[in-house]
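Taking the form predicted on its own, here's one chain by itself in structure tokens.
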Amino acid sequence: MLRLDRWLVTLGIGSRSEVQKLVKKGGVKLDGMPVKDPEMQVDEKSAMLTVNGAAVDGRLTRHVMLHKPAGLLTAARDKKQPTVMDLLPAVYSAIGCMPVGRLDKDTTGLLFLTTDGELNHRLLSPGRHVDKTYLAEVDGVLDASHVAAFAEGLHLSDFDAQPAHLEIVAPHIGRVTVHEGKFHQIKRMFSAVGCEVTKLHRETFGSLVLDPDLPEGEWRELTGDELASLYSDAQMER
């Protein structure tokens, strides 16, 4: 339960003073009935909300799969450049549905966003060892020596990358599974073995797999089974 005016503000309907005026003027209905008290307690999980005659999705808990295209920052907002949040309706930003981890600007593929801060934290915790899988195109020819080097772990300038699994898909394409998610890690690991990444695409994050039917730049909310599996990855009760 929470106050009606607070609910409307959180949904991005307006400022506190704006939504209070809106309610008092009869612009808000709950379960089809007009309300005039902006301070009334509301069960936001079950109440049917209408604002100025239009139905509004009042859920404050949401979880999203996004197929990130190249050219967008993985950030909540940026003054100079477009971000992945520009692909979603404004309400997702308003309720705090944020990316879990980051993909480089030129990296494509699976991005998970959630309003659950604890889930976000646990999935990114190094101690959880949540796997991420990437498909990398490189400018070198991959062979067994690269597979072995990834399996042993690689010493980079500022940290030692943990052992990772490299599968050679084609001479210039490798599928990499890592437990970590440090800055430019995949690119730096390939660079350390003499190959430069020319294209990078994330396929999985924990148990979550990018929907093959989800076009680049599009998004959808997670299914119940997908969400349950992610909570299991994080060792959390849903």
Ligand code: URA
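All values derive from a computational prediction rather than experimental measurement. The first residue of the sequence shown is number 1, and the count goes up from there.
The protein also exists as the form predicted together with the ligand; that form is not presented, and the subsequent description refers to it.
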**Request:** Using a 4.5 Å heavy atom cut-off, indicate which stretch of 47 to 55, 208 to 216, 33 to 41, 179 to 187 touches the ligand in the predicted bound form.
**Result:** 179 to 187
**Item:** Contacting member of Cys195, Met65, Val28, Leu200, with respect to the ligand in the predicted bound form [4.5 Å, heavy atom]
**Value:** Leu200
**Message:** By the heavy atom within 4.5 Å rule, which residue out of Leu72, Leu103, Val100, Cys97 makes contact with the ligand in the predicted bound form?
**Reply:** Leu103
**Request:** May I ask you to check whether Thr107 falls inside a 4.5 Å heavy atom distance of the ligand in the predicted bound form?
**Result:** yes
**Message:** I'd like to know whether Tyr134 contacts the ligand in the predicted bound form, with contact meaning heavy atoms within 4.5 angstroms.
**Reply:** yes
